[in-house]
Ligand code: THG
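First comes one chain, alone, set out as structure tokens in the form predicted on its own.
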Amino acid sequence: MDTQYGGLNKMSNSGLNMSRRIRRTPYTEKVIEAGVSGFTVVNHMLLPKSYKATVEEDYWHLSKNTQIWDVSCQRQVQIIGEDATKLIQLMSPRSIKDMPIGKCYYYPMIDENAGMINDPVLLKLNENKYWLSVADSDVLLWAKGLAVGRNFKVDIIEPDIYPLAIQGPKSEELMSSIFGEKIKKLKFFHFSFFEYEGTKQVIARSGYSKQDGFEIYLKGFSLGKKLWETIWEAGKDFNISPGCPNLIDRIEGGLLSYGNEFTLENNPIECGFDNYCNNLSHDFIGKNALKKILKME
């Protein structure tokens, strides 16, 4: 039974006490077949944390070839409705005034004390529809609470979306062999729609490594196994390997991990996110606290 909660007996060697609180992904079966040696849990969902290679071996492979990562734990918080932009802007010191459709923004979210709630990637799908691709914290509940409190006209859900990352210098050639030459035109931190198995899927040029790469925001749990197999088969020509966020690579790239290097106790300035706090002309939660930190008043 290949569902979010089925087949839990297969996970007994992971060291995790499996239950319905920990969700499988559309790719979990394939991840196990690929030789995963351990998991962690992010957003109540499994995240592969290691395979058979050492961190060093994995790093060198990632820097020269291509890898497939199950990052379904990057859950999406979908905000849609006539007040969606108002709510999005309220949650971050980063201005989205001129954000175009099809763009991804790194988007620090803060609370009333300027503490970091999350550092998602924000995707603008249309003028009234956004996705927040979140790290490990309860952004869905924060957003819903703000929307209710402000009486905003929005719908907020976790949609049926399961990101799969293709990372490494050979990722462009691999992805173009499947999705066509159009994908080569994607600029960094931009996304577009691509056909797959009769569906339209969002693919962004992004990923949690300093290597080139893409993230497929797969819509539909049932398509996960097929997508993995499609990429794996095509990837044999590019020395593909299963992988996961690599500690060496992300340290070199200066990529911080929410819940590890910083938490709610830290503000965006001490996290090095100054560039996203240089235009404070709009209203947002935590503005006064952040201005005091910046010695602006």
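Computed from a predicted structure; not experimentally measured. Start at 1 and count along the sequence shown; that's the residue number.
This next part talks about the form predicted together with (6S)-5,6,7,8-tetrahydrofolate (THG), which is not shown.
The stretch that touches (6S)-5,6,7,8-tetrahydrofolate (THG) in the predicted complex, counting heavy atoms within 4.5 Å, is 182-190, out of 182-190, 109-117, 84-92, 140-148. Shown without its partner, this chain lists 196, 217, 152, 221 as candidates; in the predicted complex, only 217 has a non-hydrogen atom within 4.5 angstroms of (6S)-5,6,7,8-tetrahydrofolate (THG). Taking 121, 174, 203, 227 one by one, only a single residue has any non-hydrogen atom within 4.5 Å of (6S)-5,6,7,8-tetrahydrofolate (THG) in the predicted complex, and it is 121.
The closest heavy atom approach of residue 129 to (6S)-5,6,7,8-tetrahydrofolate (THG) in the predicted complex falls outside 4.5 Å. Mapping the unseen interface onto this chain, residue 170 falls outside it, with no heavy atom inside 4.5 Å of (6S)-5,6,7,8-tetrahydrofolate (THG) in the predicted complex. A residue is said to contact a partner when one of its heavy atoms sits within 4.5 Å of a partner heavy atom; residue 72 fails this definition for (6S)-5,6,7,8-tetrahydrofolate (THG) in the predicted complex, lying far away.
When (6S)-5,6,7,8-tetrahydrofolate (THG) is considered in the predicted complex, residue 207 lines it closely, a heavy atom lying within 4.5 Å.
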